[in-house]
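Only one chain is given next, in structure tokens, and it is the form predicted alone.
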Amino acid sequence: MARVVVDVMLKPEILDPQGQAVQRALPRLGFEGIRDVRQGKRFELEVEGPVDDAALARIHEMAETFLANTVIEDFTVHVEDRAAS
């Protein structure tokens, strides 16, 4: 079984009020030096069987039609290295 990660972020030109709220709060909490914060979503998919080109294409289609609103969000799909987790 493999893990495929879909990261979804607002496009750079889209205002991110949640990210801005976090960025403004950081100095009050003692965390200095952070210039910008963008908030996103991470989906971790446990995939049965091999993660070949066909499986990645299907997950990309899933992300494009269901996990991300492609009008305002970008997404990336990658296989997570299990040794890193």
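Numbering starts at 1 and runs along the sequence shown. None of these values were measured; they are calculated from a predicted model.
One more form of this protein should be noted, the form predicted in complex with another copy of the chain, which is absent from this view; the next part is about it.
For a residue to qualify, one of its non-hydrogen atoms must sit within 4.5 Å of another copy of the chain in the predicted bound form; none of Glu13, Glu73 and Phe75 qualifies. Although the partner is absent here, Val37 is a contact residue: one of its heavy atoms lies within 4.5 angstroms of another copy of the chain in the predicted bound form. Taking non-hydrogen atoms only, Glu32 approaches another copy of the chain to within 4.5 angstroms in the predicted bound form.
Contact check for Leu26: a non-hydrogen atom falls within 4.5 Å of another copy of the chain in the predicted bound form. The closest heavy atom approach of Asn69 to another copy of the chain in the predicted bound form falls outside 4.5 Å. Residues Met1, Asp7, Met9, Val22 are the ones in 1-22 with at least one heavy atom within 4.5 Å of another copy of the chain in the predicted bound form, listed in sequence order.
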